[in-house]
Each structure stands twice: as C-alpha cells, then as structure tokens.
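Given as structure tokens, the chain that follows is alone and in the form predicted alone.
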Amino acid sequence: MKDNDNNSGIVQQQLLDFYKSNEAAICADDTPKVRVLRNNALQRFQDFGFPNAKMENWRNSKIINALHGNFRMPALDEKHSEAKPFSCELCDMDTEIIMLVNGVFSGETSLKKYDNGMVIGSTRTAMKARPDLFDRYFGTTMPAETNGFYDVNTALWHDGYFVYVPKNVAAERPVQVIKLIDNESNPFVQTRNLIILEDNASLQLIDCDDSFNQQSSLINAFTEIVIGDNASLDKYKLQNINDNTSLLNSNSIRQFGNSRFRSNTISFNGGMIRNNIHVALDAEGAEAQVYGLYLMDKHQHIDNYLKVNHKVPNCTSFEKFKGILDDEASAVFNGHVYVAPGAQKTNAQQNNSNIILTPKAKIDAKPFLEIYADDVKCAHGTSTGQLDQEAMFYMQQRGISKANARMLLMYAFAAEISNHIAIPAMQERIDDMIKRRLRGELSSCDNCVLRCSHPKEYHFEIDENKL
C-alpha cells in the first residue's frame, strides 16, 4: 500500500510538472470558463492526488496499480500515422465513422456540419469554433464525488470527440467512434468528449476502444453527456484492448424531463478496466437503462462503478450487469442508487450476476441503495455461481456434447445483455463476437452449435486452451 502511494505521488508530481512546462500549449484555445475549470481541477489534484485503496469506492479496484507503469504524456504536437490498416470488428453497418488516434481527433480539422444542424468533430475544435455552445454545456455534468483521475483529465485534456444534435433532430444513422492507441512509448492519454442532445433530439452512438499492438498504455477518458427534454440517446461501448493496457472510462450523464438514456458496455479484453458511470436524473419522467457484459480471463481485471442519482420524483432507472470470469480474472461491481429527499414515485432496479469458471477467479459485488423517500419501488441484488450442472446434464442427455452444452449456457447468460442492443446489425456482430470469445477460436467449427455469421471479420487472439 505504501509503495503504491509513493508511486502515485511520483506520477502526480510528474503530471504537475508537465502542466507547468506545457501550460501555454494546453490552454491555448481555452475559453475563460474552460481555463477556470482547468485551474480548479489542477488545484484539487495538487491537494488530493490520485485515489487509493483506502477509499471505499476504490478498495478493490486494480486500476490504481496502473500508476506503477512507466507512462508518459504524449507531446501535444505529436504526429501519428493514419495509413495503417485497421480491422474493425463492427464494420459495414451504415454508420457515420469518426476516429481518434492516441486521444487526438483524426481527419478533418474543422467541424462537420449536417443539413439538419447536427455537428460532429474534435472537442478542441468545437471549443474554438462554437465557444458559446461549448461553454453552455461543458463541465455541467461533473459528479459531486470527483477524484484525481477526473481532475487530471479536466486539467490536461487536449482533444476528444464532440457530437451535437439540435432540437427536434433525429440523427439519420448511428455515429461510430473508433478510438485507437498506436504508440510505442507507453502513453498516458487524456481524452475529453462532449455529447449534447437538445430537446426532442435522438441519437445512437457506438464508442469502440481498440489497440493496434501489445504496447502498454494508460487511457483516461471522460465523456460528458447532456440529454434535453424528451431527448433519447442509445450509447454502446465496446472494449477490446490489449492486456497490457489500462483503461479508465468515465461517463457523466445529466438527464432532463422525459428523456431516455440507454447504455450497454460490452467488455471483451483489457488488462485493467474501470468503467465509471454517473447518471443524474434532474427532471421528472427521466429514464435510464444501464447494461453491461464482461468476459474476462487470464489475469484481466474489470471494475464497474455505477451511481444513479434520483434527484426528483417520478423517474426510473434499471441497471443490469453480467460477467463470466475464467482463469485468475477478477471483477468488481459497485452499484449505488441514491434517492433524494422528496424523490417520490422513484422506480429503481439494480442487478449483478456472475458465472465463475475456476476457483481462482474472483468477483467483489457491492450493490447499494441509499433512499430518503418513502413512496418508492427500489430493489437490488447480486448472484455469483458456477454453470448449472443440472442444465448441463439435461442437455447432455439429449445428445449435446459437454463442450457445446457449456458454451450454450454461457451464451444464453451473456445474450440477455446483448439482446438490449437496438441496432440489428450491431447486435448480430456482437453476438458473433460473444460466441467467438466463449469458444476461444477464430474460425467456425462444423460440429459447433454456435455458428458465427461473420467469422472472417474478427481478428483478435484468444488462447483456445483457456475455455
């Protein structure tokens, strides 16, 4: 513990020194509001540093161990190659594709404006080109319980992606964000994203984390989301990064009256992952559905932290996360539903279920309800176990091999989450990837009952002996 604290202190000082040496470049395009937010975050980070395992919400999270790595902040003018071929698992889906490489927006330097008023582009460019719009929303969703990773991101962010959907506009097709890490020098990447849906707007967004190689990196991504009255956002997160990379993926969502937010986080691979999801239901009639699926093996670690804040009456939230853990993988589920005084008629449901395949795999599940209103319908639960042996026996008695029975049960367990994907082409591809991940192979097998419809499009390695 002491060594980790000492190491985080070293990293803290390195980042403070980096800011001091590069302040002019970091803040060059800042609006006055953004500059104030940077300074305030920097001061908090200087005072409190990174979170540590003594803090309740970080007690079992291994992401803080990533600070032991020899990471560096990329130079602000660092160039990257855009010519490398990249095989995307979610291809040919009729989406609007944008790409970030090492945290920097790739492609057009100007904002892309559509006939319906929708705007997509770089966060930094949006701050320069649309300062009034940017300042109206940037920094307005920050959770009360900030931490050192949030503060570092707010102080040092350089770029990210920006999506704006104006009033009464429905995006014609999904926006797909591909975020790649392609760097041989162990980067500590700070990405800041902003998604704005004004009243009666709707959007489907796919956010993918990938890596070109096996080089280690530490990614600290923070996405702010504002969803206006009667607006609707479906956000899908796909995490498929190498086992040497640590990813802190934070989302802070603010919802207004009768808005709907649905998210689905699918985690296939990654060394250490922490997903922070903060949802604030700020006006009556708001509804949030938060789903997640994680398939971890070897020494992989994932930590899902959720907080849903029911601030007003007549709001609904539903959270369901499921995981399958093999080998010596570990997971944390930390779910917190807060119902404020006076938030009557709240309906909040939370559930976490896990399948443990080996004695060395581990899950720490901590669902938590904090309720200060008396006319509510709230429930939470968690379950952890092995595959149902009675079901296995039943299937084998009907001629299904043990291996296929095992895969079918795991797939049925996982598909309960992927079934909530509302983009048919994406659901089909994700289901294929789930099957391939569970099977531990890259090509279809004639005697396997789980057939992939797109077996040639996926190119990530899995140890066949692990499942």
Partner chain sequence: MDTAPQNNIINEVTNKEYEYGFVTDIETDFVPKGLNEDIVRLISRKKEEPEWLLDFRLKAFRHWLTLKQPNWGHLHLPQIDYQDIIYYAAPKKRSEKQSLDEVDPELLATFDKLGISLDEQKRLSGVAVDAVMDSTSVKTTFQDTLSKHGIIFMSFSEAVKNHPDLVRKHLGTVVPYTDNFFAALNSAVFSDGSFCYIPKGVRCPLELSTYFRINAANTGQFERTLIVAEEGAYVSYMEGCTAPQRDENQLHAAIVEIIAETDAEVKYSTVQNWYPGDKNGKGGVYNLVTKRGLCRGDRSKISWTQVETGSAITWKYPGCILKGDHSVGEFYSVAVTNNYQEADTGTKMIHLGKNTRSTIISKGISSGHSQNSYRGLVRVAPNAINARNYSQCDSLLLGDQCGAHTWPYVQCGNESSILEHEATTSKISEDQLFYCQQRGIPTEKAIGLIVNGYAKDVLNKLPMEFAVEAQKLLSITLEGSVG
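Numbering follows the first chain given and starts at 1. Source: prediction; values computed, not measured.
We do not show the form predicted together with the partner chain, though everything after this point is about it.
None of Cys208, Ile120, Leu357, Ala283 but one reaches within 4.5 angstroms of the partner chain in the predicted complex through a heavy atom, and that residue is Leu357. With the partner omitted here, the residue from Ala379, Ile97, Ala170, Ala391 that has a non-hydrogen atom within 4.5 angstroms of the partner chain in the predicted complex is Ala379. Exactly one of the stretches 239 to 247, 120 to 128, 382 to 390, 200 to 208 approaches the partner chain in the predicted complex with heavy atoms within 4.5 Å, and it is 382 to 390. Proximity of Asp374 to the partner chain in the predicted complex falls within the 4.5 Å heavy atom cutoff. Within 4.5 Å of some heavy atom of the partner chain in the predicted complex lies at least one heavy atom of Glu56. For the chain shown alone, Arg72 is not a contact residue for the partner chain in the predicted complex, no non-hydrogen atom being within 4.5 angstroms. Not displayed here, the partner chain is kept clear of Glu328 by more than 4.5 Å at the level of heavy atoms in the predicted complex.
Contacts with the partner chain in the predicted complex, taken as any heavy atom within 4.5 Å, map to no residue of 412 to 426.
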